[in-house]
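One chain is shown next in structure tokens, namely the form predicted alone.
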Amino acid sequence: MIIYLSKFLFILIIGLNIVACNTITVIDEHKTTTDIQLGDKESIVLLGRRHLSQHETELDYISCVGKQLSTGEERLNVIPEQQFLDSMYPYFESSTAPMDVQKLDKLIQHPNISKKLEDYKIHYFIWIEGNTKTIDKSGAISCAGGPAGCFGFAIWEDEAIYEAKIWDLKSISVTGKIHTETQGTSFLPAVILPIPLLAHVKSDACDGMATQIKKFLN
């Protein structure tokens, strides 16, 4: 019986792992201008929108995109989000951050803010809004003590939707938007031991967003 279950579990894990490792990402880009240039010594700052508590953009997602942008042959000079927020406090906190370029234009009239932005050599602000959430789940796992272990099967689908709005600090305009949408299905089979087979939805959405931002600015 144990040998039969082991073979069944092995076949199940192989089959589900192939499915679970696959995610689908759709990227849509819209440019409002073709005059996009980022100098070698210029920087960008990546910020998450958190003005709506139920739809806050995750800190780890912004960090992931920032790290991806800072590496590779086409790496960009990225000001870390928390470093920027701390140095600009309280002007870019969730309750006070400018929601459009017109408010940004008014904000940078403040001498101290203008000076700090010049010190950072920021050319583009990139605001990212969105989150990753579970949109469907089914099944159940039950566990008992002793050698019986756990038994059952659970499945859930995650969806990551993010949109980046790119503001040009020099022209005080929106240069474009990048929209990414990633979906994937995860499984949790349990025959004695639960073995999670996860679709890396958020990390794939991060990779897609970072790759597209690099293409956009390069």
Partner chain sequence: MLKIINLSFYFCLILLTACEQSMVLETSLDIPQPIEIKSPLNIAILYEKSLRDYVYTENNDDRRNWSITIGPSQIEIFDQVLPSMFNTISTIQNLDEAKNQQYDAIIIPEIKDIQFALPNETKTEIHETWIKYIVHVLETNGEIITDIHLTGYGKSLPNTSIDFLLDEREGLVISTNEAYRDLAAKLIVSFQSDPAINKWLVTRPK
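Residue numbers count along the first chain shown, from 1. Since the structure is predicted, the reported quantities are computational estimates derived from the model, not experimental observations.
Beyond the structure shown, there is the form predicted in complex with its partner chain, which is absent from this document and is the topic of what follows.
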property	result
Single option in 118, 136, 73, 86 placed near its partner chain in the predicted complex, where near means a heavy atom within 4.5 Å	86
Proximity to its partner chain in the predicted complex, single hit among 59, 192, 155, 38 (heavy atom within 4.5 Å)	59
Residue 142 within 4.5 Å of its partner chain in the predicted complex, heavy atoms	no
Its partner chain contact in the predicted complex: residue 113, any heavy atom under 4.5 Å	yes
Any non-hydrogen atom of residue 105 within 4.5 angstroms of its partner chain in the predicted complex	no
Contacts with its partner chain in the predicted complex - residues in 90-116 whose heavy atoms fall within 4.5 Å	90, 91, 93, 95, 96, 110, 112, 113, 116
